[in-house]
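Below you will find one chain, with nothing else, as structure tokens; this is the form predicted on its own, and questions on how it binds or moves follow later.
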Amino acid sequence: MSTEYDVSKQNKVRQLREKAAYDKDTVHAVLDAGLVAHVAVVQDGDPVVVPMLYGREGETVFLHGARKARVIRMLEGTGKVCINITLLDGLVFARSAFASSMNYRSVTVFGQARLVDELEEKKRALHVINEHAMPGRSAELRESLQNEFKMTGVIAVDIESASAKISDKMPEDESCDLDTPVWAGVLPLESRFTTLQPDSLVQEGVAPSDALRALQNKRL
């Protein structure tokens, strides 16, 4: 099995090609680090982008939404979709506005969308999505009701092609700007969970599980 996605007109990175990556490990790592996917489709000739919860299992990305939501209906009836996940890691302060930029991890995925309607497959897909966002939480909760499954929409996108774009550098100024008396460098940005905050109805003596405590201060 190939460890890289084939490079085509569809997924080829054209700007700053040195930042591109097509290996599956890099693409999967960014997918697994993010929490929100921005999903692009065309509806009646117009572009639409919708943020959605998701989870990855192998070469399939599962998207979550209400069964009657417009985006689920659009995805059910569409062909190819495009998904992007971007994590911002910092601001890059160069000695000119032109050379200033950002550090980031970004992935763009292309694939065919299909509605997951068979109950057992939907259960598995929802487990993948839940565990992606809240690892270990599924085992602590009651079983979902049949009506809840009916109200939930899941779209499976089998990855046909993908590319990652990673920027993690210091400023790359023009040599003519290096003598400019302006500070240059990077201001890192960290996306992380903080501290659990209980709601007012938690029963006395009930504490967060080890799985929840493990998420505190976790960096994305």
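Just so we're clear, the structure is a prediction, and the values are computed from it rather than from any experiment. From 1 onward, residues are counted along the sequence shown.
Beyond the structure shown, there is the form predicted in complex with another copy of the chain, which is absent from this document and is the topic of what follows.
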| property | result |
| --- | --- |
| 4.5 Å heavy atom contact, Asp117 to another copy of the chain in the predicted complex | no |
| Exercise: Lys123 in contact with another copy of the chain in the predicted complex, heavy atom 4.5 Å | no |
| His38 within 4.5 Å of another copy of the chain in the predicted complex, heavy atoms | yes |
| Partner proximity in the predicted complex: Val7 to another copy of the chain, non-hydrogen atom cutoff 4.5 Å | no |
| Residues within stretch 199-215 having a non-hydrogen atom within 4.5 Å of another copy of the chain in the predicted complex | Asp199, Leu201, Val202, Gln203, Val206, Ala207, Pro208, Leu212, Leu215 |
